[in-house]
Each structure stands twice: as C-alpha cells, then as structure tokens.
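Encoded as structure tokens, the following chain is the form predicted on its own, with no partner shown.
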Amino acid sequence: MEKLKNKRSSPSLARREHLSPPGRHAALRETSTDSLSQRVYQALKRDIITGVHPPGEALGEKDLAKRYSSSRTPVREAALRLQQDHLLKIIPNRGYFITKISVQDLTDLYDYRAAVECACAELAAMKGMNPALLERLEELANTEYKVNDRKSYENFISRDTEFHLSIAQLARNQLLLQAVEAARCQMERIMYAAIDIGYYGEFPGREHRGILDAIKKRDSRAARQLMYDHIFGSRDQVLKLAGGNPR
C-alpha cells in the first residue's frame, strides 16, 4: 500500500497525467458506457426472448435502468439496437413496447428462414469440410429433451440454435451467418412462448441428422431439400398452434 501511495504522489507521474491527451479520460468513460450498454442490451434481449417481458408489454426507461443497474443512456442505446432486432418498438413520448408476433409475422419468418438456411445447407455441403465443426454438429444433432421438463427443453433450444448457426458457419458466408443469427432471435421467442402454453414441439433429431448426413456426403441438393422440409414442417406445426393455416 505504501508503494502505491508513493506512486500516486510521484511528480513524474503527475506530469505524465497532466500531459495525457485531452480526450483520454473521455475515451475511457465512453468505453465504460459502451460496455454497460452491451450488458444491458444482452440482458434485456434475453429477457424478451425468454418471455420475462411478454409481447405488448410497455417498458419505462427509468424502470429498465433500475432493473438492469444502469443509467438511462445505456438503456436508450440498448433499446435502439433491440428495435433494429425487431424485438422492441420505441414510441416517442410513450416508451418502449415489446413487439408482438402475428400469424403473418410467423409466415414471413419461416419464408425468410427457408431462403437463408436452405442456401446455408447447400453451401455447407459444397465447401464446409471442417472436421471440428462437423464433430460438434454431430453432437448437437443428437440432442434430446424431455416433454414437460422445461430445463431440458431450454437446453435443447440453445443447442438447436447452435446447430443452425454452425451450419451457417460451414457455409462460410458472413452475410448468411448474420441473417441466421437474426432469425434465431425470433425463433427462440416462439419456442419459449410455446413452453408457456405446454407445447414442446416435435423431436427434430432425425431431421437434423439427415441434414448433417447430406452435408457430410457433399450432397448439396439433398442438404437444401432436407433443410427446406425441416423448416416448413416446423412452420406448419407452429401455425396450427397459432391458429393460422399452413399453406
């Protein structure tokens, strides 16, 4: 402690502090704010996805700052990002509102997923020979869950997302990967909402293994078709649940 005190009172150190660039401390504060904004963004995003904040809920800036232990600025910055993610809507002079998911939104989401993820599966079969990632995909494809066991299904949701993102990684196309990441935010919301009404979905293990097998065999046409069938099979189940009509 005595050495630290001496360092603080050192004239040379004082001169160095005095000669620091004018923006140094401002830059440090900015970095700190950015970090806090990222933390608030991740925490609030997770709470929206998992249903802590249900669709349509109104959120106040002051309450959010208190809940996530921050000032209002990081909350405001996080809200702007979440609006870009289509998870939250900012209405001037009224506050923040969690977005709702309509039947049309569901249809649009699955159409979008098919366009993006079928391309990922096709490209992964053409150029995705990454032994380590293929080994991880094998493990993920065999993930099971127990019906009426929320914890096991939450683990499945996480690993299901990792499975689809890993295929996008095999495609080696950053734009496609970003698109899949965006779609998975909405998919996880749907899957968590389904748990709350007691629906755990189908067991997609066989479909995942089929897609992976086609990728390993470098059969791009089969990989694309199997991904298409997998996505639209899921869509039909979800639309039935939501009261919509599968096409």
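What we label the rigid core is the largest C-alpha set whose atoms superpose within 1.5 Å from one form to the other. The structure presented is a predicted model; accordingly, all values stated were derived computationally and were not measured. In case it trips you up, residue 1 is the first one in the sequence shown, and so on.
From this point on, the text means the form predicted together with another copy of the chain, which you will not see here.
Engineer: Given that another copy of the chain is not shown alongside this chain, does residue 197 nevertheless sit within 4.5 Å of it in the predicted bound form, heavy atom to heavy atom?
Structural biologist: No, residue 197 sits far enough from another copy of the chain in the predicted bound form that none of its heavy atoms falls within 4.5 Å.
Engineer: May I ask you to check whether residue 205 falls inside a 4.5 Å heavy atom distance of another copy of the chain in the predicted bound form?
Structural biologist: Contact with another copy of the chain, no.
Engineer: Look up in the predicted bound form whether residue 156 has a non-hydrogen atom within 4.5 angstroms of another copy of the chain, and give yes or no.
Structural biologist: Because no heavy atom of residue 156 falls inside 4.5 Å of another copy of the chain in the predicted bound form, the answer is no.
Engineer: Even though the partner isn't displayed, in the predicted bound form is residue 116 close enough to another copy of the chain, meaning a heavy atom within 4.5 Å?
Structural biologist: Within the cut-off, so yes.
Engineer: So which of 219, 181, 57, 47 gets a non-hydrogen atom within 4.5 Å of another copy of the chain in the predicted bound form?
Structural biologist: Of the candidates 219, 181, 57, 47, 57 is the one lying within 4.5 Å of another copy of the chain in the predicted bound form.
Engineer: With another copy of the chain left out of view, choose which of 149, 144, 135, 108 has a non-hydrogen atom within 4.5 angstroms of it in the predicted bound form.
Structural biologist: Among 149, 144, 135, 108, a heavy atom within 4.5 Å of another copy of the chain in the predicted bound form occurs only for 108.
Engineer: Heavy atoms within 4.5 Å of another copy of the chain in the predicted bound form is the criterion; list the residues of 174 to 202 that meet it.
Structural biologist: Stretch hits, in order: 174, 175, 176, 178, 179.
Engineer: Please check if residue 94 moves between the shown form and the other one, taking a CA shift of 2 Å or more relative to the superposed core as movement.
Structural biologist: Yes, shifts by 2 Å or more.
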